[in-house]
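Given next, in structure tokens, is a single chain: the form predicted alone.
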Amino acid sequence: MGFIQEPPRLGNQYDEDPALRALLARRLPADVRQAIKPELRELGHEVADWWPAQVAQHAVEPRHVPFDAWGNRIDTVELSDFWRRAPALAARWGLVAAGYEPRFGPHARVHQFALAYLFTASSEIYSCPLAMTDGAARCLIASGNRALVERAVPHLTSRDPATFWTSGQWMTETAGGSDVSNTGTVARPDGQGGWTLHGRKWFTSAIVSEMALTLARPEGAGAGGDALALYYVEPRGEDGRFRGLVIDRLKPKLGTRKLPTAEITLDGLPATLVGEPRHGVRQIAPMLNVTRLWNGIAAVSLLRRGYALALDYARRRRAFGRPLIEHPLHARTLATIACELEAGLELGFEVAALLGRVEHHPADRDAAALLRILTPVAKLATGRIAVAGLSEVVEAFGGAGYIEDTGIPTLLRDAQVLSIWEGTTNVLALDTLRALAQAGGPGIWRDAVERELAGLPAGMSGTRGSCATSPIARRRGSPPPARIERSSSPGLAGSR
């Protein structure tokens, strides 16, 4: 039998990520860093262990079962093995809870997103409901609705698998994704102080979640986005079945195929008004800050996984008499991916640090303004970096990168949605301009850049030396790699 290529392997994803460790060393006090190091190392080991089984089950996708054997409408969704285990894992690791616990103060968000960064690439995109859960918790807290905060937030931020909930985010309708002003779902008073929802939601990710936040137009309200209200729903009754909700179908998507995304019809779903019966779009703003950050961290997590696999493969695969890593052009390609990855990592964790700072010091107006500016920038940049970089990863594996059961194509397909979720490129560009105008101009941005540059070691400009410190560049002594070219064409409007 001839030569058989040895597949790439994953080691401990914390120990083998010097960029993450260096970033945490810069951003966290020594006592916080030492406190979280054991759990990050343990999670780094676990996610590497989960990956082979997920690759082996790459073709297993959620399945909608509308009726039971006797014709009863049940609308159950069968999930992959990992998705069935994921809620308990998320609770155990505190992937939402860590951002709300007081022990690390303003550093809580950096801690939380270090966990999320390690987790996401081995999560079959279970990070999506976690992002919406985190966003829902922040949105409810900001709303001041004490009854809903007491009802839902302890579940959303629980470390107990028996009490942990995830949340959906039902915004998208057939009239548009980013343009929520055309929302057609109607909310009608139920005569008992509550509401019922009637309409159709076209794109509802993680339909298996225990609750959701959704926009609807109170009956009789005027047209436009300002007349929308934000509602809280628990889709299932005590018997576990949907009430006033029918799953029309699960979406056949390009990627994120393990994530059960549904089209649903609402016909009397009980709902609770979160705030006043208008200004619902404004009320979801705290949610967007959080979900856009999760989106950015997911992007760099997927790119990191592709890079880790490509680097290991380059050390094992021999071509033309030597390992791929010893071919200068291939080494240069991997170094380019490493540079883009580390740039995205820095940007994502800058936003995480700012979020923690603003949550613990709400009077810090400069930090709040910078967070408002950088959040759409980070989401935009990391989403596009991930797609471009993972396309390079596919190519780095040659024909094997195009074969489904290597697991490589899944990374690229899953990353593609990250430039669509939570605002497409053009939507985010316009949002950044609005943020700059609200902050009083680009001065806050300029001051932040100058502070960063002032903190760089002598002789460096505009970078912390990601290219120079990447393992490939150190080994090969290669020059700074060329920038990965990315298309500037606009994306399709859409959201979760």
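Predicted model only: the values in this text are computed from it and were never measured. In this text, residue numbers run from 1 along the sequence as written.
The form predicted in complex with a small molecule exists for this protein as well; it is not shown, and the discussion that follows is about that form.
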Query - The single option of 303, 310, 131, 95 touching the small molecule in the model of the complex, heavy atom within 4.5 Å - result: 131
Report task. Let me know the one among 266, 396, 352, 171 whose heavy atoms come within 4.5 Å of the small molecule in the model of the complex, would you? Result -> 171
Query raised in the report: Even though the small molecule is not shown here, does it sit in the model of the complex so that 100, 155 and 160 each have a heavy atom within 4.5 Å?
Result: no
Report task. Determine whether any heavy atom of residue 164 comes within 4.5 Å of a heavy atom of the small molecule in the model of the complex, and answer yes or no. Result -> no
Requested in this report: Check whether residue 367 has any heavy atom within 4.5 Å of a heavy atom of the small molecule in the model of the complex, and answer yes or no.
Outcome: no
Query raised in the report: Quick one: does residue 390 come within 4.5 Å of the small molecule in the model of the complex, counting heavy atoms only?
Result: no
Requested in this report: Would you please decide whether residue 149 lies within 4.5 angstroms of the small molecule in the model of the complex, comparing each non-hydrogen atom pair?
Outcome: no
Query raised in the report: Pick from 245-253, 294-302, 399-407, 70-78: which stretch has non-hydrogen atoms within 4.5 Å of the small molecule in the model of the complex?
Result: 294-302
